[in-house]
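Next comes just one chain, in structure tokens: the form predicted on its own.
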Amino acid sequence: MSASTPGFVPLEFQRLSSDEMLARAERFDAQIQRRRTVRHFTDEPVPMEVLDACIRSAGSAPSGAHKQPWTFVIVTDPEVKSKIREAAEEEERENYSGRMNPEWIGALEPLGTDDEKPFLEIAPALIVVMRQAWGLGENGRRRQHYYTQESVGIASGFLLTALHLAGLATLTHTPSPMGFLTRILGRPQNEKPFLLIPVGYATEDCAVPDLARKPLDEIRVRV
């Protein structure tokens, strides 16, 4: 297809030298390597316009047939956050007391997690990523969406990266099952909770697990 094809526009593509490409890639790598999951937040409010800008970036992610099957719900109301924490901890108690097998619990032990989730109330904002399993057209008619898990997963990666680069701390929280989020937030039946992201500033004494990421040679294969 060319720019003269109906429905198409010229691509704004900037070709860079090899040196500039590598410099940009290494700068980004240095920044993203500092991203860590945080469980200790201050309650200081974050600028809403920053969250909006990050969500706008997430909405630029590719999606199946360009259906953009996502909704990002920003929660700052203390009462709603309290309800979310209560429901999430109820599910987590079930997980730790029987749903998760011993190997799973053992794998989580070095991370210092348990069924208590105070960050859901302390963090100034929660971003709930909802996956639109199908679209809703006129008169509530269903419209098919495609590759929604993959699409929303990519958008969530965009969002986490944008929040990190904006100077905010995040946690990727998936209290399974998460159906309570649809109920508490009053979302329509086509939206399924995908990810719950507390967002804010890390406390001054915040510490994170001393973990090592896999080296490049273990995650990259050349064929």
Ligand code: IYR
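We number the residues from 1 along the sequence you see. Given the structure is predicted, the values throughout are model-derived calculations rather than measurements.
There is also a form predicted in complex with the ligand; it is not shown, and the following applies to it.
Visitor: Within 4.5 angstroms, counting heavy atoms, which one of the listed stretches 172 to 180, 48 to 56, 155 to 163, 62 to 70 is next to the ligand in the predicted bound form?
Guide: Selected stretch: 172 to 180.
Visitor: Should K192 be counted as a contact of the ligand in the predicted bound form, where contact means heavy atoms within 4.5 Å?
Guide: Although the ligand is absent here, K192 would stay clear of it in the predicted bound form, with no heavy atoms inside 4.5 Å.
Visitor: With a cut-off of 4.5 Å between heavy atoms, is D114 one of the residues that contacts the ligand in the predicted bound form?
Guide: Looking in the predicted bound form, residue contacts with the ligand include D114, since a heavy atom lies within 4.5 Å.
Visitor: Just to confirm, A133 within 4.5 Å of the ligand in the predicted bound form by heavy atoms?
Guide: Answer no; every heavy atom of A133 is more than 4.5 Å from the ligand in the predicted bound form.
Visitor: May I ask you to check whether Y96 falls inside a 4.5 Å heavy atom distance of the ligand in the predicted bound form?
Guide: The answer is yes: Y96 has a heavy atom within 4.5 Å of the ligand.
Visitor: Of the options M100, I122, V80, I74, which one has a non-hydrogen atom that comes within 4.5 Å of the ligand in the predicted bound form?
Guide: Flagged contact: M100.
Visitor: Judged by heavy atom distances of 4.5 Å or less, which residues of 31 to 50 approach the ligand in the predicted bound form?
Guide: Only a single residue, R39, comes within 4.5 Å of the partner.
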